[in-house]
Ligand code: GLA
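The chain that follows stands alone, in the form predicted on its own, written as structure tokens.
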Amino acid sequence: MSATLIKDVKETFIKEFNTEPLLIFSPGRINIIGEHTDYNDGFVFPAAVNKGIAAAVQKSDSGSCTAIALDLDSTIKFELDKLKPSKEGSWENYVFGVVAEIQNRNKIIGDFNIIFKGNIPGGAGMSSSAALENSVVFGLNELFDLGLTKHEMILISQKAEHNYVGVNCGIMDQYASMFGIKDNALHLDCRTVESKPYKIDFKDHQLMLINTNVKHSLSDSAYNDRRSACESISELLGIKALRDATEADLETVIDKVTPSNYQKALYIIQENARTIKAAKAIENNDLELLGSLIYQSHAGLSDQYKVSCDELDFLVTQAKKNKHILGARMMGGGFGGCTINLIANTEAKSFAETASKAYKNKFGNECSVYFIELSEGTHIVK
């Protein structure tokens, strides 16, 4: 957790509002395996990481609320009884959305001031949005004794995203950010919203992210299109979600769906099975098997689900050439963002350099490399 972030928001808050704030740290997340399975009621395998959002919050007696995004050098003043969404893409919608959803539950909050700052790279698919939502709801719950459980808080964060930000997200991001456990990944059942923590011993390996620093404009429309394809095949099969289907079930409707939609559904069924195998691999301390499943996940995302892109495929191909990398795949919605790599400690620095160079030669722009640790979920900083 970044001590400098905490220090920055605390000092700025005291200077701005002349009072000691409550300090919250809310982490971003990675997902080891289980991509696009969340909205199919399936399993995912996320973990909170040591990058995130620090927030300083305290009650206000000024008759209104102030929110300051330090990174963006942007300040907004608002009144609790006059909340409505700002224009699409505005950061304040994350704050407004959380406040509105708390009020929708008939919880009473008073005026407050909040300042936040993060170190989650934008566009990396590490869920800075969930981290921000969680920091707001967690802080307000504490400040105004709302008595919300962590489960209630993540549902508030998710609804804020649906109703104010306009993204129809699953629950994984908010869950991983709120419930993260140090050195553990959470095998999360997206239907029951319950998880089992798995302590991962990375031995002489570590996780490294490489950000393509691209975001192809396809992503939102493609996400909705994939989602509706999955839902229509579930309907054909007479089940609630693809999580309930086997490959044999899918065979029975092969002549009723397009070949490309058949492959998409097949990917979801196989990826869901891979997350269960990954849990076993971690239990058995079998990093080789875990790595192999991660590579298989990428192949499915690229060839079957068709949400990868040239830049992501290139970075995974680079990883495959290196025997010190046990697994690599694209992480997140797709069409850009990061690859996640399970790499030997001794090899990390040199691979980061060679991959970056090869990427620059091929695409003419820079990729960024991040090293991460699995960390604690949203919490108060003493």
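Numbering starts at 1 and runs along the sequence shown. The model shown is predicted, which means the values in this text are computed figures rather than measured ones.
One more form of this protein exists, namely the form predicted in complex with alpha-D-galactopyranose; it is left out here, but the text below deals with it.
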Residue 172: touches alpha-D-galactopyranose in the model of the complex, heavy atom cutoff 4.5 angstroms: yes
- request: Spell out, yes or no, whether the shortest heavy atom distance between residue 351 and alpha-D-galactopyranose in the model of the complex is within 4.5 Å.
  value: no
message: Whether residue 333 contacts alpha-D-galactopyranose in the model of the complex should be assessed with a 4.5 Å heavy atom distance threshold; does it?
response: yes
- request: Report whether the minimum heavy atom distance between residue 39 and alpha-D-galactopyranose in the model of the complex is within 4.5 Å.
  value: yes
query: From the list 223, 112, 262, 295, which entry has a heavy atom within 4.5 Å of alpha-D-galactopyranose in the model of the complex?
result: 223
message: Among the candidate stretches 320-328, 57-65, 31-39, 352-360, which one is within 4.5 Å of alpha-D-galactopyranose in the model of the complex when only heavy atoms are counted?
response: 31-39
